[in-house]
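Here you get one chain, nothing else, as structure tokens; it is the form predicted on its own.
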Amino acid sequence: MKQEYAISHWPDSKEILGKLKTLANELPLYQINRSKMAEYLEKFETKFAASKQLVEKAKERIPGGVQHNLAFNYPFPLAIAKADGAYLYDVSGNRFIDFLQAGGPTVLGSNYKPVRDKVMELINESGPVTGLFHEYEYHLADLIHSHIPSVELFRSLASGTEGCMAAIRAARCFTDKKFIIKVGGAYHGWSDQMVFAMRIPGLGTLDSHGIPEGCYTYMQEFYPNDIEGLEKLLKENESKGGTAAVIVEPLGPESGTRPVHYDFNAKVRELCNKYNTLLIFDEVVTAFRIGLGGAQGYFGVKPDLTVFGKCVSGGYPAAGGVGGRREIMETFAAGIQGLKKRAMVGGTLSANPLSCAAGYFAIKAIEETQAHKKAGKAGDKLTKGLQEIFKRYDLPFIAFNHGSICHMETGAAMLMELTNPKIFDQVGKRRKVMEELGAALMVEGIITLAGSRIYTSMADTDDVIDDALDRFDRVFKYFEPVQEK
């Protein structure tokens, strides 16, 4: 029932991957004209001076001056004072079109009033946390199950990172196997074991600073879309005790930055069945944003466990959890279980009344307004507009989307291949191009995720998207090839 989902059509992943490979590894680098970029940076300093002052003070007590990785923007972070629908406002009152949407959770748009009103009612009644059971824990779990039937039981946690930690622990506990296989380049949070092969396939432990290599003894990776490579690992592990689980982002690594082929997830499911291995879907980004049935509903593939985050609390704190088959999920049962095998999870503020009620009312609002479909249409319109801009200025850049999850590749730093002999020389330069684009867009009144990813919401009307495309155009017309020295 594709009509129920935000993805109007599945993009040609083979074509996109080919273009991305060429952009990142073969074509000359493009950047904003140097004099224009200097002008943008001068305006940035002046327009956002109050933000800079606050961040400089914050550096006295906070590493880097901000607490969240999404806030590390070039040349300095912005201090936001207000969020409303499609817009953010900084401490000086500057307004921005918000294509960050807090990293993806606010499909309804930021600070959606009907949900906010319900949350305020609950805070007035019980406060945000009690430490004991609250009825909205059940209401949220039951609502999730009604839309995603594979989630027979649901355990609320505080983040997607915790959800992934819990999922692989339950998989090992239930199967009595040790190996976990992930797709290289995928992001599954920042726990010790998951900071492995992040961002770039084949990276292994190269970006795993501060973590003993022993943590990765039973972690493995395979390249995106490489079904043969996955089966080879599964087969090899049979003689070593077997594989507990394969964990995937169903759109592809980094929320589809490296998109998978449409039948990829079904093929992974078949292999998991063949080798008696659990399949974990990391739907931190996709659940309720792709559609009420998540990516698994769109693809028609049933995982054994599903990791949640982002939308599961509608943009309110403590957004996370894991759900799945009853017999696996029962390893999380609270209390003393005697001699039963138990996968330990915890969290004093997990499943607090505020988070559970916010999640329940946000999902109900998405259901009632069909927010995911409206956000998806906005993503389609924006992506088409960006493609037209790139064509107009003869730029080799690539825009594609899966509904409201949009990708805009310019520097393509994360898409370089480890086999490229220029990777260590080029990756920093490519990252700089993306940082400069992000800064220029902020001056023009647009906020994105790292100058490459965009999340649209129900609040992004045709007028908002048209306005945004005019702003994008003002930046992209100044791109030109880098003059090599």
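A residue's number is simply how far along the shown sequence it sits, counting from 1. Predicted model only: the values in this text are computed from it and were never measured.
Quick note: we don't show the form predicted in complex with a small molecule, though the next part is all about it.
**Message:** Can you tell me if G291 lies within 4.5 angstroms of the small molecule in the model of the complex, counting non-hydrogen atoms only?
**Reply:** Because no heavy atom of G291 falls inside 4.5 Å of the small molecule in the model of the complex, the answer is no.
**Prompt:** With the partner left out of view, is G160 within 4.5 angstroms of the small molecule in the model of the complex by any non-hydrogen atom?
**Reply:** Residue-level check for G160: yes, a contact with the small molecule.
**Prompt:** Looking in the model of the complex, any heavy atom of K310 within 4.5 Å of the small molecule?
**Reply:** Because a heavy atom of K310 falls inside 4.5 Å of the small molecule in the model of the complex, the answer is yes.
**Prompt:** Using heavy atoms and a 4.5 Å limit, would one call L278 a contact residue for the small molecule in the model of the complex?
**Reply:** No, no contact at 4.5 Å.
**Prompt:** Taking the partner as it appears in the model of the complex, which of 233-241, 161-169, 322-330, 142-150 has residues with heavy atoms within 4.5 Å of the small molecule?
**Reply:** Looking at the partner contacts, the answer comes out as 161-169.
**Prompt:** Which listed residue (I366, C406, V285, A197) meets the criterion of a heavy atom within 4.5 Å of the small molecule in the model of the complex?
**Reply:** Exactly one listed residue reaches within 4.5 Å, namely V285.
**Request:** Just give me the single entry in F222, Y187, Y74, Y136 that has a non-hydrogen atom within 4.5 angstroms of the small molecule in the model of the complex.
**Result:** Spelling it out, the residue with a heavy atom inside the cut-off is Y187.
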